[in-house]
Every structure is written in C-alpha cells, then in structure tokens.
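Consider the single chain below, provided in structure tokens and representing the form predicted on its own.
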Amino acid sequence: MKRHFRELSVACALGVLLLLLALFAPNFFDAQPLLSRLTAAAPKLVLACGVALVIISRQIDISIGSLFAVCTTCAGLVAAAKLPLPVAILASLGVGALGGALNGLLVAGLKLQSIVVTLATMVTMRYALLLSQQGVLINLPPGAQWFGLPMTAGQFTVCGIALALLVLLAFGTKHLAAGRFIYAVGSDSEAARLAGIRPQLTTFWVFVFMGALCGLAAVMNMVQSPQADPNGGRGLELEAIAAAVVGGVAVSGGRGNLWGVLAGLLLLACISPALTYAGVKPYWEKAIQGAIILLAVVADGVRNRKKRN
C-alpha cells in the first residue's frame, strides 16, 4: 500500500472529482460527449505512457509535440496521395521512430543532456515543418477519418488502441526483462551496467520507442478530423509530462506506474470541464493544473529527502 500511495492518492482525487461532477453536473456523463472527451484524450495517453518510460529511465523528451506534428504531416500527405491508410500509419510510425532514434543517438551515443538535445530537436522540427508546409491544412480522403468506420465505432477503436497499449506496457514493464532494464537504468545506471545491462543501448531504444508512440498518437489524432494539421501538437509535451509526473512517475527516475499515468491524465483532463460546469473562468485551468504538478514534484522531493535521511 505504501509503495503505491502516490498512485492511489491520484486515483482517490480523481474519484472525488468524478463524484462531485456526478452530483452537481450529471450532464458531464452523457454518453456521446463523454466518449468524445475520452477519444480526444486517447492520443495523449499514448504519449504520456512513452514519456513515463523516458522519465523512468532518468531522461526527458520535450520534442514530442514537434515530432507529433511531423508524424501527422507525414501521415496526412501519404493519405492525401490516395495510398492505403495502413501505409500512412506505417509512414507515421517510421518517421516517429527515426526522430526518436536521432534523439537517442545524441543522448546515448554522444552522452549529451537529454533536455538540451530534445529542446534543440523540438525547435528544429517545428520550424522546419513551418517553413515546408506554411501551416496549410492537409485534406484527407473520406476513408481516412475514423479508420473508415462509422464515427462511434471509430471512437471506440481509438480508445481501444490506447487502452490496449496501456495494458501491454503495464504488463511489459513489470514482467519482461526489457521493462525491468528501464527501471534499473533509471535507478542506477552504473549498478545496471555491472549487472550486465547496457545503459546506453537501453536509453537509445527508449527514445526510439517514444518516437514510434508519437507516430501512433499522431495517427490516432489525425483520424478524428477530415484534415491533418501541421501546426498540431503544441503543448502536448507539457501535458504528457504533467500526466506522468502527477501519476506518480518520479522525476529522479527509476520509479513509476503506468496505471498511475492513466489516473494522472484523467485527473488533469477532467479539470477543464469541471471548471466549465462550475462556472469558473477557464484561465484558472492552467493555474490549477500547475498547482497539482507542483504538489506532485514537491511530494517527490520530500520522499527522496526522507530516503536519504
């Protein structure tokens, strides 16, 4: 119980918020609007899971918003060229993995600070995309929206992909050697090396996987609209990092639970509609989210200090 106190605290806070909404704003739980909100949050869950793994490995990736936009543009251009949607999906995953590999080579291969590397790639990709596309929306063929399914079926498909990925990653990080390597490297890379783990290789593949998840999230977001937006993804890195940190992933690395990431994402996602139903001015949303993130970071700091003492 003590080990998962942070995740349980976030889940309890989410439960209290949902109970208050059920009492004072029951319209929040109307089926179609609720499904639409969950569908919009699904790509963010995919990104938050990837970011959680990066942070657990004691790294950071703030380029995911820009890479998300690059993947969206790539998938949109392929789909607009009337190629089959699976080809567009593979192109998005491939471009995302290449972007992640670039970050991984610079961080793991050259041993540069991940915050500096991903800041540089974030700016480079964003402005290169702006120059090449000029912000023009890409019209998608009819078969691309909702994977060619009816809207409701498409929404369930998007949510199902995100949930299936969460379950697989939660299982993998707990029961597979590759998942345990990430925790070991994040806890103590030198101890991991002495145990036969290759920290640099593990870090490289974590960034590659993060990039591929950017490509998947980009496709999941793109199919929700008749157009692909090259300007999309702004601020996604902060939302994903916030969900991971609030959900119990330690900023110092080596600790975290992907189910907590889900609770953190849902808690932050519910704040905006809760404020709307409460009649509170919307600019309070970011302030409240910031306060929650600050409390999460402070809690981590206090916990680490107690451990050292």
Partner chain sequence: MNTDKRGFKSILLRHETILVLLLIAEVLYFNAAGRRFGTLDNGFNIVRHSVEIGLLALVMTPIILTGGIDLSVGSMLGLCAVLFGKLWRDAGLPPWLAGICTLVIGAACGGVNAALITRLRLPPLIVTLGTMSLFRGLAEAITQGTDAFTNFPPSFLFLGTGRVAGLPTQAWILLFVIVAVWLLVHRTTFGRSFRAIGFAPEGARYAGIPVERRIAFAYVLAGVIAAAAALTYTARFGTAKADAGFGYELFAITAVVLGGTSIFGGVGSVHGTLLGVAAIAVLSNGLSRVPAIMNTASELSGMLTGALLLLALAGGLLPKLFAARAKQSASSAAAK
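Note that the structure is a prediction, hence the values are computed from the model and not measured. Numbering follows the first chain given and starts at 1.
Just so it is clear, the following notes concern the form predicted together with its partner chain, a form of the same protein that is not shown.
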So which of C12, A291, L19, A25 reaches within 4.5 angstroms of its partner chain in the predicted complex, heavy atom to heavy atom?
A291
Pick from I138, L169, L106, I89: which residue has any heavy atom within 4.5 angstroms of its partner chain in the predicted complex?
L106
Check whether W284 has any heavy atom within 4.5 Å of a heavy atom of its partner chain in the predicted complex, and answer yes or no.
yes
Is it the case that K111, even though its partner is missing from this view, gets within 4.5 Å of its partner chain in the predicted complex, heavy atoms only?
yes
Should T152 be counted as a contact of its partner chain in the predicted complex, where contact means heavy atoms within 4.5 Å?
no
Would L130 count as touching its partner chain in the predicted complex under a 4.5 Å heavy atom rule?
yes
Any chance L53, L262 and L266 all have a heavy atom within 4.5 Å of its partner chain in the predicted complex?
no
Want to guess which of 68-76, 153-161, 113-121, 81-89 is within 4.5 Å of its partner chain in the predicted complex, heavy atoms only?
113-121
Those residues of 215-248 which, in the predicted complex, come within 4.5 Å of its partner chain by heavy atom
L238, I241, V245
